[in-house]
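This text opens with one protein chain seen in two forms, each one given by itself as structure tokens under the names structure 1 and structure 2.
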Structure 1
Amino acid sequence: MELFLSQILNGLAIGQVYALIALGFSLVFGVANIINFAQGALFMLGAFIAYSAIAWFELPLVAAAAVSVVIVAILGLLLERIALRPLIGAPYIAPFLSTLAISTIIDQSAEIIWSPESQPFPAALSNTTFFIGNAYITLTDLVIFAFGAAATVALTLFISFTWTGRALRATAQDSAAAAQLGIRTEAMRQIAFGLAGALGALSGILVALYFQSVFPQMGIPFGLKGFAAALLGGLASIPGAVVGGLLLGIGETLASAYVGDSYRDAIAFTLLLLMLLVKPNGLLGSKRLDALGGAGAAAGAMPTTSLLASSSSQQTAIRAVYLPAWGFLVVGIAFATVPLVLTSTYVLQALIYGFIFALLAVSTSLVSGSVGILSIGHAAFFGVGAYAVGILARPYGLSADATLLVAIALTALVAVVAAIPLLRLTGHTAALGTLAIGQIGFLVFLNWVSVTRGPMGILNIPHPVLEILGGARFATTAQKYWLVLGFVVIGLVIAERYVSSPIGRVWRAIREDRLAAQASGLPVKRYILLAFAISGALAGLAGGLFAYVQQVVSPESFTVETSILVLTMAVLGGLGNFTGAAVSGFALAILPEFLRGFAEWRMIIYGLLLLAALRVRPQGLLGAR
């Protein structure tokens, strides 16, 4: 019992940290209706700027914190200006990806400026610890708690009672109407981003004080948790963010205490997914969400339009360019001649990865583009396929026909099961549901040691042998090139046939207006499950091929970064446009090889190129379909 109470106390301590980060997400979401992925990067910058102010310029803690909050708030304004303002009116997903690109750039710049090492935070609040039996709480916890509570109260008062707060809420509810009434909506968006930056910096500094260290990679793990907390409490709800943070903290602490520390995150994300099933709007989300104008895109039950609805209006403006199914065959045949003229295995290897990611991008485009459920968890499906091959190939001596078939079938099954909780969700909550699925997948690969061998990975996967071709063995890079190309082309042709068929038309109808599709008598759920099954099958095939090419399967290939990468590919190609997805998947997979010469600047250039592409063609390179 005493242990239980002390664990609750531990949960509250980490929960308030999550709550602080969640506040920043909620604010931007509530006002600008944007999921700001760069919030984690701003949080990290806040901590590092304070660190530098103390360590390099010898400022006292309070002054350093003030400097950091001001700088990061300005960066928040800049972020809105550079990455988001040009994308107003673009499909909803474009600004989301834009914040992602910015976060890549900031994270990598931080590694260059401050080195990738952890640094001890050069200031401390206090070393005092209060003991209650075996349970304990530190003075630092109490200070953070006080700050968090003060920030919440101040923010709530500001939003509720000041004129600026009212204008913010009005902008959130209906930007066009607010503008007609004389509110400068652009300024309001900027204020929201500035405030979110300030909050991010504040939480970064408090987290640095809490853990006594700062490191450039801290944005992603803490950002994800803050995100989950915001979602749990109901996006856009300020008290919800706090409650969500505390609940998440307690939940995962208890998981760590009674199940095991490695299951901590898996249980946290499973809880999140279950929570979405019961209350799609989050705990405190429902009413306030309407008040803050989030309902249009965030609420589950009654979506008037989808997240991607604007892609249809874009459709008239920009013609989508795409290949017919047989076109993929022609391109495939052209590519098949490459190894005859090119002997460099380096180039062939890069092209192989290009093909695999082209297939994966199409698989993502199917659910994200055609059906309109943004998938930030596709790496999990990719991984299931890869692990299926990895586990079956060596110990059971199965041929590639058999293993790939299992990979395809198993992944399709997993995708359908994963889709069931998503059926009730639309818009952002569905997207975040897929994020949870992706995380759960990764954590299963990492923790289910008896099957996946955990962090050791599966090594020495044999070269593929196809019984259907009379036992042909694919051992050299050129042979694997043909194998992968062959399967990818088959996969792409099938996918394109589906999306061009009446089934594809139904999918697009669901994307444009789920309610109208339902009212027209279409079995919406069945079609969504079908889409997930086919998408899963394609991802499973991609994963299986990946395992054969690489001969090693380990969890780090299937992280949230991979999911985000394939979603980027799908969006950049033009949502629902499989030709575009294949082209951009191929291009983005081999682009890092071209950028090798830039060394540590590589990911920054990658982020900049992404930003530029979004700016020039927010509807995708080849147009949405």
Structure 2
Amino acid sequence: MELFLSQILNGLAIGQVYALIALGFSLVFGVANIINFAQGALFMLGAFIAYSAIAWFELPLVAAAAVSVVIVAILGLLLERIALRPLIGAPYIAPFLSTLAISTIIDQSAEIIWSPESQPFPAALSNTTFFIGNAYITLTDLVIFAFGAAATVALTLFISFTWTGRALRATAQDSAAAAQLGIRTEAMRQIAFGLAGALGALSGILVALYFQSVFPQMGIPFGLKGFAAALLGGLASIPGAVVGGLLLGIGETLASAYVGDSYRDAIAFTLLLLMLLVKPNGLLGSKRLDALGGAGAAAGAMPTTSLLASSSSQQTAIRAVYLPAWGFLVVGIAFATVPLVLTSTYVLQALIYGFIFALLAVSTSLVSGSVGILSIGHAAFFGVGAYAVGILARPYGLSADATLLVAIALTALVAVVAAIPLLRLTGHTAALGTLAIGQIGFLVFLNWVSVTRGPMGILNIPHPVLEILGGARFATTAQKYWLVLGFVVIGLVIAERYVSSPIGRVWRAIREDRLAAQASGLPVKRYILLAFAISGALAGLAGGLFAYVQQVVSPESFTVETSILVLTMAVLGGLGNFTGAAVSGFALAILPEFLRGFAEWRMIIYGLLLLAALRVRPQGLLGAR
């Protein structure tokens, strides 16, 4: 009982931090109807600015925290003004990807300024421990909970009793009506981003106090936890964000104490997925997450089933450019001549990865674009294929024919099973369900040590041998180039044949209006499961080829960052446009390699190029289909 009470108290402290991060997500989503994935980067930046104010300028903790909060709040204002406001009226996914690009720029800038290594936070509180009966809580826990609670109360009072707060609430409830009443809704959006930045900075400082360290990669895991907390409570609900954060914190600490620390994240995201299934709006959510349209669309105001469909009216004048199935064969034949004239192993290796990610981007575009279920967890399917090859090829010595076939079939099965709970979800909630599935997949790869070997991964995967070609062995880079190119072209041709067939037309009908498709007698669930099966098969093939090329499979290749990168590829090419997805996937996979001469600046350039592409062609480089 003492351990249980102690974990509850500790969970309330870390849960208060999650609540502050969740409040930032809720504010922005409520007012601007945008999921701001730069929130984690602002959280990290707040911790580092406070660190610098203390370590470099010798400011006291409170003054350093105040400076950090002000600076990050200003950055939040600039983020909305420079990177997001120009995308008003663009397809809904464009601002979402814009926040991802900004997050990449901020994270890489932090590594340049403060180094990629963890830094000890210079302001430590005393190690005093207080006992409540036999349960205990530390002074650090109390300070974190007190400051977090005070910030939450202050925000609640601000929103409830000030004119600006009431204007924010009015904008969240109905942006168009608020504008007619004279409220400057653009200014309200900017204020929401500023407040979210301030909350992110404060939560980053509290986490730095809790763990006594700061590092540039801290924004991603804590940003995901805050996002999960917002979803648990209700993404557009301020009280829900607080409740969700506290529940997530308590659930994590209890799981860590009674199940094991390695499973705490898996339990948290499993609970998130169950919550989405049972109560898609969250515990205290007052608006539907699958209702798109204007900021703060009312419950059920627009029964749109996909993030792509919400912007279809903006895309009708844009003609998509894409290749027929035989066009991929022609392009493949042209690429097959490259090793005959180019002998650089480095360039051929970069092109191989480009082919693999082209196929992976197409597999994501099939679900995200053709069917309209935005996939933010596709790296899990990619990983299943890679691990299937790694496990079967090394210990059992099976040929590539057998391992790739198993990888394709197994990943298709896993994708179908993963899609079953998503059948009840639409719009944002379905996308967030895929995020939970992707994170659960990564944690399985990381913790199922008896099968995946955990963080060590599977090493020394043998070179592929194809029995169908008389036992031909593909050992050199050029040979693997032709092997990968051949399988990728086959996968692209099959995908294009499907999307151009009557099946593809049914998928697009489901994307545009699932209810209408169902009312017309179409077996909607069956077609969605078929889409996930084909998408999973393509992702499994890409993962298997990736394992053979790398000769190593480890969990860090299949994180949520990989899922987001692949989704970026699919969207940038044009959702549902397989030619665009393949071109974008190929280009974005090899671009960092060709920017390697810029050293640590290459990811910043990458992020800036992504922002520029979204600004110029928000509907995709080759147009959505």
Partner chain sequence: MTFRRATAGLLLALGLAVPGVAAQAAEPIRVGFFAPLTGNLANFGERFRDSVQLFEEQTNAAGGIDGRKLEVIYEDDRNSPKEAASIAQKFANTPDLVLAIGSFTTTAALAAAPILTEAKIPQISPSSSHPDFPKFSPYQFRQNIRQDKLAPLHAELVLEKLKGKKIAIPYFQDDWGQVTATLTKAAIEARGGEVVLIEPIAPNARDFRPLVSKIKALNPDVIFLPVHYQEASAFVQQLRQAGVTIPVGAPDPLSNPKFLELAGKDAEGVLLYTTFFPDDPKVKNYVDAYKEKYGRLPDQYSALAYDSIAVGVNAIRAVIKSGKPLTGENVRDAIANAPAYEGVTGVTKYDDEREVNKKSTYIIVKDGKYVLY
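The first residue in the sequence of structure 1 is number 1, and each one after it adds one. For the two forms, the rigid core is made up of the largest set of C-alpha atoms that agree within 1.5 Å on superposition. Worth saying up front: this structure is predicted, and the values here are computed from it rather than measured.
Given that just one of these two is the form predicted on its own, which number is it?
-> The form predicted on its own is the one given as structure 2; the other form is structure 1.
When the two forms are laid on each other by their rigid core, does residue 401 show a Cα shift of 2 Å or more between structure 1 and structure 2?
-> After core superposition, the displacement of the residue 401 C-alpha between structure 1 and structure 2 stays below 2 Å, so no.
Is residue 208 one of the residues whose Cα moves 2 Å or more between structure 1 and structure 2, with the core superposed?
-> Residue 208: C-alpha displaced by 2 Å or more between structure 1 and structure 2.
Spell out whether the Cα of residue 147 moves at least 2 Å between structure 1 and structure 2 when the two forms are superposed on their rigid core.
-> True for residue 147: a C-alpha shift of 2 Å or more.
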